[in-house]
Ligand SMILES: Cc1cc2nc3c(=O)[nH]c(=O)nc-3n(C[C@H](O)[C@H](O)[C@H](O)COP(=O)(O)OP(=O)(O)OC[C@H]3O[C@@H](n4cnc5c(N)ncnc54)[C@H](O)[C@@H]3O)c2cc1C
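The form predicted on its own is given below as one chain in structure tokens.
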């Protein structure tokens, strides 16, 4: 009997699930990706765009309609509501029903939630915003550059630190370092706190080596575009160029469907990624319905949440695709997600630091961060090869 798997969201996790599942089941089983955006790009590419390693948005984006692998259907529609019990979704082009459902809707950006952010900040997590940063840097002669994290949690925890490193390196390459201050402000207690103090201390030391100011425990409350001033409660900080990571929020239709917990995101079983009715007992609520990536709340043993990063979405997607394929093919499930993850933290000057570890360890994640190397930078750059693997030119 043929089946239909609905994958809601065409980001990194959703497309990984679709491609992986397509290779595991026969062609009579439908795989449908529902995505409102017409373009796909990797968030890591915005950093290359920001400092001019890529010239235009077109270089880092691909048309969703040019998905290369046969047998993956793309529905370009807005999702209005989700019914996990019936495994149906209401979209702007009609209702879809599946035998399996994968929620890969990510975390939405909410720049409007901080007064003045949209007017004053160049959004690092938006391709057009990255182009605007590049344009501003080209004409920048001196002053204070601020990298601002406007809320937590946020996806790609290394990105704001990478932005600070790359901007600092850019000022040296262009001979204006003596005329520029580079500072980072974040509500986090340490850099990438969920990875543990050793990683945070290493990143802080890297910033100290580059004379990058780092200010933790700073939650921005408003921004004055006219005076170029950040407000953190009663204290104020001036800036000349503001690179911002906006607050994030979960897609509203998931709360309406009763799928979110107190974190605002979807609680899932840490190993199977099935949606939970009770996170304490790990009781599964909707068999055949999964959530992966940034939209999830995976509670770790230290009570923190698994970071929102593409590598976790990718690894979770592979586990979920294998589980769905095993059910379809009437085979034992091949494995579970084990909590391991990694990332490459770009530090400028053609180098990146490789970090990896077990995020499900007790009493908390055990993660190490290696010294920066050109080899790690090359490995990070290879992620953009996904564009050519997944899409026709």
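Please read these numbers as outputs of a predicted model, since none were measured by experiment. Numbering follows the first chain given and starts at 1.
If you look for the form predicted together with the ligand, you will not find it shown, but the lines that follow are about it.
The partner is absent here; in the predicted complex, the one residue of 266, 273, 145, 124 having a heavy atom within 4.5 Å of the ligand is 124.
This chain lacks the partner; the member of 348, 365, 43, 341 within 4.5 angstroms of the ligand in the predicted complex by a non-hydrogen atom is 43.
Only one segment in the set 55-63, 353-361, 32-40, 321-329 has any non-hydrogen atom within 4.5 angstroms of the ligand in the predicted complex, and it is 32-40. In the predicted complex, residue 106 approaches the ligand with a heavy atom inside 4.5 Å.
Among residues of the shown chain, residue 102 is not one whose heavy atoms approach the ligand to within 4.5 Å in the predicted complex.
The ligand is not shown here, but in the predicted complex it comes within 4.5 Å of a heavy atom of residue 253.
Remark: residue 204 does not count among the residues lining the ligand in the predicted complex, judged by a heavy atom distance of 4.5 Å or less.
By the 4.5 Å heavy atom rule, the three marked residues 10, 159 and 309 all count as contacting the ligand in the predicted complex. Shown without its partner, the chain has 77, 78, 79 in segment 69-102 as residues with a non-hydrogen atom within 4.5 angstroms of the ligand in the predicted complex.
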